[in-house]
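One chain follows as structure tokens, the form predicted on its own.
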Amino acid sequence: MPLDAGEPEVSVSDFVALLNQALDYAFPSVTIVGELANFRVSKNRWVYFDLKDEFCSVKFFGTVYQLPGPLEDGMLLRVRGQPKLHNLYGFSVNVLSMAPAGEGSIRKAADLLQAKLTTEGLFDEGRKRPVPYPPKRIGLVTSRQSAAYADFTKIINARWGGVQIDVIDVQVQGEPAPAQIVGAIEQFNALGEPPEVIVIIRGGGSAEDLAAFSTEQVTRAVAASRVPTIVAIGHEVDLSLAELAADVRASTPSNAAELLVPDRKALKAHLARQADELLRLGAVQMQAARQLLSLKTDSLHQYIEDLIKTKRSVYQTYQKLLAVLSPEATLKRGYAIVRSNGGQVLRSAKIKPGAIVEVQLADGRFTAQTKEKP
């Protein structure tokens, strides 16, 4: 059959260029959902896989840096990419972003990533750090339009107040969410004076809504934060990998606020009860001290009285002894004291004849003159 003379004739290279130009114009990007097949990683850098459904299969090309975590054939994947016709390798979709789709695949991807990061020790209890209580400054990563943000700030201010809350507004679901959350964590960590704690919160939702917080990028960013972290995602039954990597996991955004600051009303009531108890204990101690002092006083008085009696008895004994041994008592027994004319007591009979002496008896005194011995 002869060629149609009215059709343009182009080279192979021109054809590829024209087709890619048409694809760029018609599909600058496209999101495709399908079952993962033929997944492989080349040279620890390049990623190749197919997405398929019951009737068709499409090839994809990307890098390991775009992976949300470990993947396995058979998982349902949502991929955003740019359709391209390669000049050597044919048609494929260049990956812009990818994430598991459907609750089963999201759970499977999270389980694979959890096993990988557990082996690395990212969830070990020994890595957990204490969180300041209460902090003076909080770095909050969430959506300002969310109920989680409203609940968290309301409870913080109602319970304690005076806490500075610096907020970085991010998307908490969808394709941009992981990169924005990671960027917010890194931004807080890069500050010269970072907050005392970084809090990452979002309310409840479906498995796909919460999937950003179980991606490898977000989980590693939480684990690598030099600032202590609290993560509260969804409801109490929801558990994300970012929560496992955090220093503290809160069951809900409201619970995160409760873990960070005390309830000032409850604290005031507690302090009032403690003050009353201290007053009561003080009164009891004072009464006990008074009773002890009274007992000590009585005991001291008795001791002094007994000491005085003992000293008086000793004094009386010495007094009697002195009375017995006194010169007056001796004189009463018939003795006399002889003194010379000068008043000195004579202790020897060797005195001159004719000397005048004084003789003292019990009832008086008289003088006498000595004579020679016959």
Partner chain sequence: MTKKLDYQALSTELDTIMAELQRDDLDVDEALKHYERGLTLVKELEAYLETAENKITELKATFNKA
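Here the structure is a predicted model, which is why all the values come from computation and not from measurement. By rigid core we mean the largest C-alpha set that fits within 1.5 Å across both forms. Residue numbers count along the first chain shown, from 1.
Beyond what is shown, the protein has a form predicted in complex with its partner chain; the following relates to that form.
The stretch in contact with its partner chain in the model of the complex, judged by heavy atoms within 4.5 Å, is 152 to 160, chosen from 152 to 160, 228 to 236, 202 to 210, 100 to 108. Every residue in the set 144, 180 and 191 has a non-hydrogen atom no more than 4.5 Å from its partner chain in the model of the complex. Using a 4.5 Å cutoff between non-hydrogen atoms, residue 264 counts as a contact of its partner chain in the model of the complex. Though the partner is left out of this view, residue 303 does not reach within 4.5 Å of its partner chain in the model of the complex, counting heavy atoms only.
The shortest heavy atom separation between residue 133 and its partner chain in the model of the complex is within 4.5 Å. Using a 4.5 angstroms threshold between heavy atoms, residue 164 counts as touching its partner chain in the model of the complex. Comment: its partner chain is not present in this chain, but in the model of the complex one of 94, 187, 294, 118 has a heavy atom within 4.5 Å of it, namely 187.
In summary, among the residues 277, 124, 298, 72, the only one with a non-hydrogen atom within 4.5 Å of its partner chain in the model of the complex is 277. Of all the residues from 88 to 106, none has a non-hydrogen atom no more than 4.5 Å from its partner chain in the model of the complex. If you fit the rigid core between the shown form and the other one, you'll see the Cα of residue 175 move by less than 2 angstroms. Residue 276 is among the residues whose C-alpha shifts by 2 Å or more between the shown form and the other one once the rigid core is aligned. For residue 116, a C-alpha deviation below 2 angstroms is recorded between the shown form and the other one after rigid-core alignment.
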